[in-house]
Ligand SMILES: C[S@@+](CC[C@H](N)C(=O)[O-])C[C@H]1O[C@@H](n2cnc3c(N)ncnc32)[C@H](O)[C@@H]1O
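The chain below stands alone and is given in structure tokens; this is the form predicted alone.
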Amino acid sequence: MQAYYAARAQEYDRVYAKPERQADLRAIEAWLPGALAGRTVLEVACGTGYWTQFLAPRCRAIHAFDATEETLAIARARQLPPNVHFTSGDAWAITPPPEPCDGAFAGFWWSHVPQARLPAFLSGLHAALAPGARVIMLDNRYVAGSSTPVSAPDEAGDTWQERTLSDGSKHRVLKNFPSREALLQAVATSGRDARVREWPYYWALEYTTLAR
């Protein structure tokens, strides 16, 4: 996965130019910053910093990390306000930031998490946050004709896409499309006030972590 995103870094943001998705993106760009306003946010797998740029004006601070240096270089080149801190980091072994985070955001990461590893990822994320933190996950819904076709589920229940980059290289990429019920069930024992928002092309899961 990391090698794929390193190769895709320079063309990653083209996905946000799809004409049919513009209304959804404008709606999310207007909603998301307010949902985490005033919080110190840990951003998981920030990629090129596309979503960081919308969060930055409303958040107290953002500690954004990614494992791919090629996408981090693009994020840093955005020259966002000084309350944004980009670092290299591993979503499977999250290092808590130097200050407590009462918010978390992950855009288009959930779909790349193998179903068998989802509980461990969520446990590691919650451990890195202050109790009662607000968490928002944003990702794709599957829409025929717009989304890249997926394989039938494998023995672990995961689905895959074959993606072709502009250089002609082909990559097999894990991409899951969870149901609303699966999203709520995933955080049923570790969060409260969970709800799922849906747009035609995207979904968002928001919840509050439990006090420890």
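Counting begins at 1, following the sequence as shown. Note that the structure is predicted; figures quoted are calculated from it, not measured.
The protein also exists as the form predicted together with this ligand; that form is not presented, and the subsequent description refers to it.
*Asks:* So if I measure heavy atom distances to this ligand in the predicted bound form, which of the stretches 62 to 70, 142 to 150, 25 to 33, 183 to 191 falls within 4.5 Å?
*Replies:* Careful reading of the contacts points to 62 to 70.
*Asks:* Does this ligand come within 4.5 Å of any heavy atom of Gln2 in the predicted bound form?
*Replies:* It does: once this ligand is placed as it appears in the predicted bound form, Gln2 has a heavy atom within 4.5 Å of it.
*Asks:* Taking the shortest heavy atom distance, is Trp199 within 4.5 Å of this ligand in the predicted bound form?
*Replies:* Result no; Trp199 lies far from this ligand in the predicted bound form.
*Asks:* So in the predicted bound form, does Pro97 come within 4.5 Å of this ligand, heavy atom to heavy atom?
*Replies:* No, no contact at 4.5 Å.
*Asks:* Would you check, heavy atoms only and a 4.5 Å threshold, whether Ala91 touches this ligand in the predicted bound form?
*Replies:* Yes, Ala91 lies within 4.5 Å of this ligand in the predicted bound form.
*Asks:* At 4.5 Å, heavy atom to heavy atom, what parts of 91 to 113 sit next to this ligand in the predicted bound form? List them in sequence order, or say none.
*Replies:* The stretch touches the partner through Ala91, Trp92, Gly107, Phe108, Trp109, His112.
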